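What follows is a single chain, given as structure tokens, in the form predicted on its own.
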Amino acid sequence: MVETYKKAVVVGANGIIGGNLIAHLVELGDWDVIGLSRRGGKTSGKLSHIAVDLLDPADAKAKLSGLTDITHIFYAAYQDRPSWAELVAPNLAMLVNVVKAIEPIAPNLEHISLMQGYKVYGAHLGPFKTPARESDANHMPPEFNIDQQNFLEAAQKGKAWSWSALRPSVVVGFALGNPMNLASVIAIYAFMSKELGIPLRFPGKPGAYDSLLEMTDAGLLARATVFIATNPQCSNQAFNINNGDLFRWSELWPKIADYFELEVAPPLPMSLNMIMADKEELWKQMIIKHDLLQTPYSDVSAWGFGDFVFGWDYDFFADGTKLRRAGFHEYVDTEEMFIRVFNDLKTRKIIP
């Protein structure tokens, strides 16, 4: 059997999702990979990087003009903004600029993969229908995920390439310099609690401790993304992707405390963004005391992101069976996932 040539562009290469996807593609061995990001990266083997401002159409067209042999575009970029309405313009523009720069010059383009999330279901707005399903109705805009999907659907009509949309839950993994990682939030919070000699308290809203949740392992997401992009039965549709199990913080939190050798005290609602704002000096002291990697405090944890996740005082999960029916059957134990990422943070000397 003759192997077909596969060359992927991963947009958002330095994020948790993009970084883990690149690692998976490189490990597979039969992909050439180009990572796109604002700050670029190191070339190694079949992996190269392009530093590009995707908000600038001219820069995108110029920097990506040589990508005539691309077969797959994996889009996982994200620009944060203060409000839901402000998220639309930049996040739609980046996708449009990538597709308009590459699609017309890449005759062998097979697939464009779009990373979304449960925002499609309104999960960020408040209690939503659970389990959420890919067939659920859209909610009142603004919602950039839907605008991005609408753009892809329209652009694909009459073309040989196909699209897909992946909808993970909270993605947990590791990405250097990207603090939007729940495992990092928990780990830094736990070790600072330990350093201060206090027990580990769940800081979320009342009710969030007992809500039913799920997570998505970054490695599992990478494998699912490639499966969907390379199997025709998955073309031109959306898929939820999650670990496959459900949990409540009330059950998992004491196990996390055990891992960090901490006692558990009753939950106490508090904003991590506020109470951790003055802990930079403590972090610097911990780096010296425990001989940790010199990592800026701003790079190790996004406390506002932690507040967001710990604020879900409602059930937060989606039906993942559509992807299993399409042939992808992998799953991940969420408790084991957290322990694995905590161990990875230790190995990398991010935490003691």
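Quick note: we count residues from 1 along the sequence shown, nothing fancier. These numbers were taken from a predicted model, which means no experiment stands behind them.
There is also a form predicted together with a small molecule; it is not shown, and the following applies to it.
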From A190, V171, L109, A208: within 4.5 Å of the small molecule in the model of the complex by heavy atoms is V171
By the heavy atom within 4.5 Å rule, which residue out of T130, Q79, N273, S235 makes contact with the small molecule in the model of the complex? Q79
Check M180 for me: does it contact the small molecule in the model of the complex (non-hydrogen atoms, 4.5 angstroms)? yes
Could you confirm whether N14 comes within 4.5 Å of the small molecule in the model of the complex, counting heavy atoms only? yes
Looking at the partner-bound form in the model of the complex, is A326 within 4.5 Å of the small molecule by any heavy atom? no
R38: touches the small molecule in the model of the complex, heavy atom cutoff 4.5 angstroms: yes
Out of 296 to 304, 65 to 73, 50 to 58, 23 to 31, where are the residues with a heavy atom within 4.5 Å of the small molecule in the model of the complex? 50 to 58
Indicate closer or farther: the Cα atoms of P179 and Q79, in the model of the complex, relative to the displayed form, with a change of 3 Å or more. closer
